[in-house]
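Single chain ahead, written as structure tokens, the form predicted on its own.
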Amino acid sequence: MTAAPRTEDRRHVVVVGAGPAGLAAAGSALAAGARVTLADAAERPGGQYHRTLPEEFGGPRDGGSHFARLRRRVLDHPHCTWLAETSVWALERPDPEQPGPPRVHTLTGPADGNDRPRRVLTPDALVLAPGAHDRVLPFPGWELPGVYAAGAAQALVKGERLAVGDDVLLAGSGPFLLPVATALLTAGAGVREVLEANTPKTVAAGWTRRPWQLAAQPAKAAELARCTALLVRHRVPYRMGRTVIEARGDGRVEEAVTARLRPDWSVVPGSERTVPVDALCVTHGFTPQLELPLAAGCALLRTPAGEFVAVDADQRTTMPGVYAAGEITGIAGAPAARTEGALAGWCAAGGDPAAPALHRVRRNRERGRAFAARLAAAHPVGPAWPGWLRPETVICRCEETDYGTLRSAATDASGAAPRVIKLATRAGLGPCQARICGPTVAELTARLHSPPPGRPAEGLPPAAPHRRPLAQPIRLGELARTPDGPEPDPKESTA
């Protein structure tokens, strides 16, 4: 009889992010015999998809769902360390010439708290599953109070039972508009209408190609049917080929100007219509959180839907010992993220990549990738959207940099390099550090000055909107302080 390995002798897998992908990765790595450290900035695992009101505040007791069972299996496992409210602010490769995963620098505690424990984790393998956040294209007035990213509005409903307004208009592109509308209606908000920017022809062309493949997504079809039924019951119009091109108001949003769009998202003249609202929710897709993959040195893959982390058949990135799963490898929804996470966790833990149980996982992963491609084709961002902008339209809300200033800098041959534009206009230098405006600024400046001028400064990597020396904000005192001690063991989980 062979004795079970001691905890300290087990392969150590660090998983960053506890949404559907990260939680599945942790469960799979534990099943493969590893010890796991699971870190997330939130108090509870689940991410945005599984966000609910806490039970102590009257939230539902979700004890029987697949997610609830997986959460218990992971957090109660004797070889799992759960680090709640933990920010991974840096990845460090001690010797860039040596293979192996980077060391993981963490801070645990509320973002505005003092004396947050600082630790350095040294994994045998690292799984990155940080997820994505809303992408919102700028338009005149989008900086007004009362204009929300759709994900933020959904989070307020799910986590706080707060509806952002009584007369809400949803606009943007993608199926995410539907669950947000459903959440708002369930919370008692009045939803005036839902606007999908792409035309019916574009959406139909993307979704109806190889229609038999949709049979593999029965859960999504059921969710679509539930959302559609609720919109019908509340008589909420769902219009395609129309979007919000301006928000107006005195001190906060009071009305939205909508317009009909052509397939390239240019405005059809004379189609403008004014709608009174007290809140406006917008989303134009998702931006993967690529700070940590770039810090780890992972290569990116450019696709029609944007840049994502390049992975192989086992979710392995181009950096040894680093795996990626979920929305940083492609936007395909929670089921696909869970599948990728399960595969990444198993392989990161040293599990047999030829195990028979992985056949179905890999088949589902391929279905998820096919769904991501279909989603990108049905709901693209039209190239003519900058036509909505005016010189005074704010692009960077933190620093109030407007389109006119950005355009002047980008068209100046002597100062159009990305880092020069950042310093000259301050776009991306505010509190969000370009997490919101970065992709938009990069796209606009590339269009205004193509090809991008200049070369990277000697010794620095090429400028990119997601490349940051520090992945999360950290106080100077915390940065200067030495780590607080060794890695926590499972008994020291912070939950």
Partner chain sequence: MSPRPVRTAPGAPERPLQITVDGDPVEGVAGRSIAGILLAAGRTSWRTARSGAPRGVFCGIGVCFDCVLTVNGVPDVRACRRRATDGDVVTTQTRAAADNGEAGA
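Residue numbers count along the first chain shown, from 1. Nothing here was measured: the structure is a model prediction, and the numbers come from that model.
One more form of this protein, predicted in complex with the partner chain, exists but is not displayed; see below.
- Residue contact with the partner chain in the model of the complex: residue 289 places a heavy atom within 4.5 Å of it.
- For the chain shown alone, residue 426 is a contact residue for the partner chain in the model of the complex, at least one non-hydrogen atom being within 4.5 angstroms.
- In the model of the complex, residue 251 approaches the partner chain with a heavy atom inside 4.5 Å.
- In the model of the complex, the partner chain sits within 4.5 Å of a heavy atom of residue 473.
- Comparing 145-153, 356-364, 263-271, 342-350 against the partner chain in the model of the complex, the single stretch with non-hydrogen atoms within 4.5 angstroms of it is 145-153.
- Of the residues 92, 392, 400, 312, just one reaches the partner chain in the model of the complex with a heavy atom at 4.5 Å or closer; this is 400.
- Though the partner chain is absent from this view, in the model of the complex it lies within 4.5 Å of a heavy atom of just one residue from 107, 189, 80, 245, which is 189.
- Site residues 71, 369 and 372 are none of them in contact with the partner chain in the model of the complex, judged by any heavy atom within 4.5 Å.
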